[in-house]
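For this one, two forms of the same chain are given in structure tokens, first as structure 1 and then as structure 2.
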Structure 1
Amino acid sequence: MATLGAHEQKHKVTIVGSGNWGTTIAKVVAENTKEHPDLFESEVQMWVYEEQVAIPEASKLYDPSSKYSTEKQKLTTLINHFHENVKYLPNIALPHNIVANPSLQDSVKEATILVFNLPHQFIGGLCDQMKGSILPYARGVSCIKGVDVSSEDINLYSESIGKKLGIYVGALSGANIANEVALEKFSETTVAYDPPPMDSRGPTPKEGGTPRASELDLTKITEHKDSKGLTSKVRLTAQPPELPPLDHQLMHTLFHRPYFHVHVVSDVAGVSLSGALKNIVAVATGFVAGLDWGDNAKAAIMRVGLLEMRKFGKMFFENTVRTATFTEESAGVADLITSCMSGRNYRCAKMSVERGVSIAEVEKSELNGQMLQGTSTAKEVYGFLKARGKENEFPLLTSTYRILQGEAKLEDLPDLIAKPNLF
């Protein structure tokens, strides 16, 4: 187990988000912060998008004589009272050192490590609200499976968040159906963390002066190569030397559990792109499952999907992506497989075909507020590919969007994806 020596300060962790995966990762992290008091403050703040919730009658917490069962209450009140997220992760006991906080600014203000974990459509607005409230030397990890697409550009969420907040952000992604991880069934994940070299330790002393752990001494302009290989000057604040160094070893200690095995790598692009693009492939796999075409058809979609994911990485992130990530890491092929077997994108796409209704209708009726990422990512990625004139080079990603739009027939999918050059 990692012990990094005695330090005057400890890391304080905040989870930004509290959905199905957000709450599960809060549980993982809170178990570790409690187990490593030499490195972390035990308390983990979890920012909750506040809503009024009644305990479902199916819940083991349901007690008709209690005010909590009959009346709608604030979700934060319920989480902090029962140590359970009754809406997004029901029937899972949460560690008592998780504190649900409805105030974004208050929840992040002391965090030295910010874990971003919520549906990707909300992150831009939340970063705007967070500006000015976070520590300048905080570091982040994005668990978001999605890509940040503007009219003609594509960015990893880790980098978009990092740019908006002026901090370095890595990524976590893997074959991680949240409910299974929450039940402590074995799984693996991949953490990608590759901060600019200044993070290696210590303040930059003023010439002839003694280093002090103040922001002034620790902030410097440093060269940083982003995931597209572009080198730019970024203003970044080093973490004070009083804190345990935030390196691969500490990342491992923060996320690894006996049931949740972590592999830390440096390929932020490969890890992030895998998590985003596999959601589109899962929608396509759900579609063919809905037609009852069998496992061979699903495997064919997964094969083409994996090749398109790798080609996408090579084409648009060629300078930094490690193509082996797609086939060697949990974030790559393993996440593709689990998502295409039982993920929400797969299940909702399958039901939409079986019931003859839109996937959005199924999402609304079946997910109790949880959100699909595959449908919006399909639209965003298609828009990006089309703007570049590359849509025909990614037939599965493109066809999935066109089927969602009613512009292509699902039954034609085998021909639509036949014989592309995916290498």
Structure 2
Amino acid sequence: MATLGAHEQKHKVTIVGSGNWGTTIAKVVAENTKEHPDLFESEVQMWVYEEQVAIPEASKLYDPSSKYSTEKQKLTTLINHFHENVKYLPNIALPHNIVANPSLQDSVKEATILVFNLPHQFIGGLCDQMKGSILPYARGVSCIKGVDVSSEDINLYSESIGKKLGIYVGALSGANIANEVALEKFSETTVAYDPPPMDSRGPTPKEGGTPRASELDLTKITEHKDSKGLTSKVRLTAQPPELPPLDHQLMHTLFHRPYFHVHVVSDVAGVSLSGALKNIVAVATGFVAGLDWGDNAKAAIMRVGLLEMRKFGKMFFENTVRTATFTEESAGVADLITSCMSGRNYRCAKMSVERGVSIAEVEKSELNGQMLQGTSTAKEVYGFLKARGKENEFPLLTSTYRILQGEAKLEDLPDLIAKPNLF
């Protein structure tokens, strides 16, 4: 009899993305793959967008006698030599089992678990490049917060990736400021992963007949449900039985650290929606902070925002969303609180009011070319709601957009959201 927990093969993990948060997640994952050699290959590939980088003279790594300091080097060369992402996560030591790889196709080719952590605007192009290079039975986790919204529909980034690559992809989101996690300050996160039925290792009896005579082999099933409870158009390939089962326990083992606590749920839609809608609420909270209305006002905006987030989920993802995700998980209420206290959407909205300028002007001056998610998501969500005649059922989400557009006065916000019996 085989030893319990022993498997013929091990999972191999690749991180697709190497920015501030991507490198931090790579650190977390690499620590765990090294600690659990019965489940994972120790080496963690991290795909890096290659660029030439010079080590700043102020860096502790700077050595005037070394070519690594006096000449610009490829970022992958520096990461693999110093075991530090000197550009996007400086002064944080990385596990030596992280291998920075500039080739996307090479970094993903043997991975059974792909962790996506990069700006959402690059998802489509990178997935196109990955086609034909990944294992057909690979599984993924998206750390990309937000959703793809248009007037026609809402798509989770995890499902957009899954459709492109023909694989199942879950989500990770929470109150996770990357630098704090990298410094191993305590925080929590939520991993949403709903294991596809074909990955189950236990056959299920068919209706009628004896169990032994009528076992249904779930590995032969290719269909699974999407985030709206409908049969997905993606046909999946079952993971080989030689691999450890990719279930909630394995996801917990992959991401949980003493400083980074993980709760695994099946509600991918709720986790993903929370990561998108909280940015709109953070903008509204920043507005009232800019008016110096105090903590009571900020708390009121957060309360209404949380209710509207929960209502949005139940209205448009009623078959799969669990309302407790918004009120009990790090991806929900905790991430909302963090975003409404110190996030960039909050800070930029606050500065726009204090300076008497548009939030777009603050965005240009403060974010070094990066874009606020709250403003763009507010526009997209408003268009989606208006196309369905539902905008008045979400007074905070709608009012935030109208204030951004100059169609409503910020000072009127308390009256604009005072809509009874909506929740």
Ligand SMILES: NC(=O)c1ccc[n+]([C@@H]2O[C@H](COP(=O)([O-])OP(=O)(O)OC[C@H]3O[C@@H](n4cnc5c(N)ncnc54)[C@H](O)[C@@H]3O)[C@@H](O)[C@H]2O)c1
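We call the rigid core the largest set of C-alpha positions that still match within 1.5 Å between the two forms. The shown structure was predicted, so the numbers you read here are calculated from the model rather than taken from an experiment. Residue 1 is the first residue of structure 1, and the numbers go on in sequence order from there.
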query	finding
Which of the two shown structures is the form predicted on its own	2
Core-aligned CA displacement of residue 399 at least 2 Å between structures 1 and 2	yes
Per-residue C-alpha change between structures 1 and 2, residue 329, threshold 2 Å, rigid core fit	no
Flag for residue 270, CA shift 2 Å or larger between structures 1 and 2 after aligning core	no
Per-residue CA shift, residue 412 (Å; core superposed between structures 1 and 2)	6.3
